[in-house]
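Next comes just one chain, in structure tokens: the form predicted alone.
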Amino acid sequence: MTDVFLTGATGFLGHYTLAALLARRSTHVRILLSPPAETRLAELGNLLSHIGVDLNAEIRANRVTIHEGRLPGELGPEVLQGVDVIVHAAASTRFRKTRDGDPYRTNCDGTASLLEAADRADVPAFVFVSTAYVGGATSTTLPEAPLSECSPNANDYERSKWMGESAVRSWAGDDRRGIIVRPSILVGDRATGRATNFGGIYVLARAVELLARAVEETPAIDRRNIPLRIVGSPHFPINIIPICWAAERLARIATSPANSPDVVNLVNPAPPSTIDIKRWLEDVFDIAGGQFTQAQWPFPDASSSEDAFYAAGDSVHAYFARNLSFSTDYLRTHGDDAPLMDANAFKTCVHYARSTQWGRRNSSRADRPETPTCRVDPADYFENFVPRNLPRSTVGRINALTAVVRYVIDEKTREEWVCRYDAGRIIEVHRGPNSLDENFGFRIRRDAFENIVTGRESIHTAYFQSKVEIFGDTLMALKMVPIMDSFLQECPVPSDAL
């Protein structure tokens, strides 16, 4: 038996990799689950059931062992004793550093913590899941080799992965292997479109959905000829790979590390271009138009269509404005040289994402643990905290903050408030599903609400992570979101009040 230690098992790539490992009958897998392990175990079992794996049966057959712990943090010596290979798939994909230190806390400190434990337990092989975009916003060919430096314009996620790679290289030696695997952009299952994470290229798809919604609300715009400048080139590659394919190759590397090079680019050998992705998304959302440009966003004369499209921020630029290709020696050696994504497969992935409301309403809703109790009372927040602090803030002097906004917290209990703002002042607050007509509104998951009002997460970020839904006047909401985010950053609920 090959004894594999896997982190990140409840993640998108992690649970598919676990399924691929268990498909190899001579493999035993130890899984690190964050506390409470019982909750994470139920979550993982639900995830695996959707792809045909009975986790409880595998545990009873002694093919899966559960360990409770959190990285960064010290693991007991028994956790890794006798392990043949560690597959470190746990990661934070935050593009920008957050208040709690991610992505560096998870991707750097967590990796260092696990490497120290591997050193104490004499684990002979460590597989680190990095990213194909570890070099940052470059226009070059990424070799299957270590990078001596990271681009100065890399985002925090890319830089943290480069730092993680460096740590793994330092750990490796004559008697132990450090293998770096760099997957490109992950999308759903090639056959079904199933996904459990709707970041990455899905954020670009959501930007196109926002654009389509804005056009529907603006009759003056021809939906077949939308005035839109797209920063980038029509011929740059967008390297997307299906999750099932990536997990199978990662499992192959993990179970035969001696046959793998030190660095593997796990990428699409024949990726679609930006113009391909543009056309496929236009087909899905029944729109057309837009021209590629070398100009830089923000445009001084941006149209309402461009405001809606670029609301996704860095993700739009990241996918349309990079001309990056990859060495694929490892894949060619194994006969993996066929294109991995065509129009039908890509549209299947986007249709699945839309059918689940980008993860908000999902057949895998039970995949998420029970929503934790929110430590911020929404009633006190809307009825006391906001009216008390808004006049003291700089936002309270912004005349543009004039709107009627409805906030729906937690779709199950449907607690809601309507706030009427006038020239930066809050005029009235009403609780419940009342007769006031809002200009726009937000449906906010209860766990996201606490993060938003404490300043740990913006409304903008939460929206593109499917934790917040906008309804009503889309364009008006998008114009107001930066103003509201400014107030949330200036006047967060203090941590000592929780």
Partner chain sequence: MHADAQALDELICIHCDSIRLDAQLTYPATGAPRFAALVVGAHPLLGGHAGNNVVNALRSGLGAKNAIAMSFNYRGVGGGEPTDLDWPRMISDFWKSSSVPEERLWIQDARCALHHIRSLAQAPAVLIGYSFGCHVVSELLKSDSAAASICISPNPIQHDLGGLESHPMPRLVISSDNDFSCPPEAMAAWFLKLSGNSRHVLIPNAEHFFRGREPEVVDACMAFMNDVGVREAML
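Under this definition, the rigid core comprises the largest set of C-alpha atoms superposing within 1.5 Å between the forms. Positions refer to the first chain, counted from 1. As the structure is a prediction and not an experimental result, all values here were calculated from the model.
Just so it is clear, the following notes concern the form predicted together with its partner chain, a form of the same protein that is not shown.
Of Val181, Leu401, Val376, Val123, the one that lies within 4.5 Å of its partner chain in the predicted bound form (heavy atoms): None of the others qualify; the residue that does is Leu401.
Residue (of Asn259, Thr141, Gln291, Thr394) lying close to its partner chain in the predicted bound form, criterion heavy atoms within 4.5 Å: Checked against the cut-off, the match is Thr394.
Site test, Phe464, Glu469 and Pro482 vs its partner chain in the predicted bound form, non-hydrogen atom cutoff 4.5 Å: Yes, all three are in contact.
Its partner chain contact in the predicted bound form: Phe440, any heavy atom under 4.5 Å: Phe440: contacts its partner chain in the predicted bound form.
Leu478, heavy atom within 4.5 angstroms of its partner chain in the predicted bound form: Taking the distances in the predicted bound form, the answer for Leu478 is yes, it comes within 4.5 Å of its partner chain.
4.5 Å heavy atom contact, His50 and its partner chain in the predicted bound form: Because no heavy atom of His50 falls inside 4.5 Å of its partner chain in the predicted bound form, the answer is no.
Non-hydrogen atom contact Thr474 with its partner chain in the predicted bound form at 4.5 angstroms: Yes, Thr474 lies within 4.5 Å of its partner chain in the predicted bound form.
Interface stretch in the predicted bound form with its partner chain - options 401-409, 295-303, 148-156, 168-176, non-hydrogen atom within 4.5 Å: That would be 401-409.
CA of Gly45, rigid core aligned, shift of 2 Å or more between this form and the one not shown: After core superposition, the C-alpha of Gly45 moves less than 2 Å between this form and the one not shown.
Cα displacement of Ala23 between this form and the one not shown reaching 2 Å, rigid core superposed: Superposed on the core, Ala23 moves its C-alpha less than 2 Å between this form and the one not shown.
C-alpha of Thr10 moved at least 2 Å between this form and the one not shown on rigid core: After core superposition, the C-alpha of Thr10 moves less than 2 Å between this form and the one not shown.
In the predicted bound form, shift in Cα separation for Asp473 relative to Phe285, 3 Å or more: Between the C-alphas of Asp473 and Phe285, the gap widens in the predicted bound form (3 Å or more compared with this form).
Outcome for the Cα pair Ser305, Gly424 in the predicted bound form, compared with this form (closer or farther; change of 3 Å or more): Result: closer.
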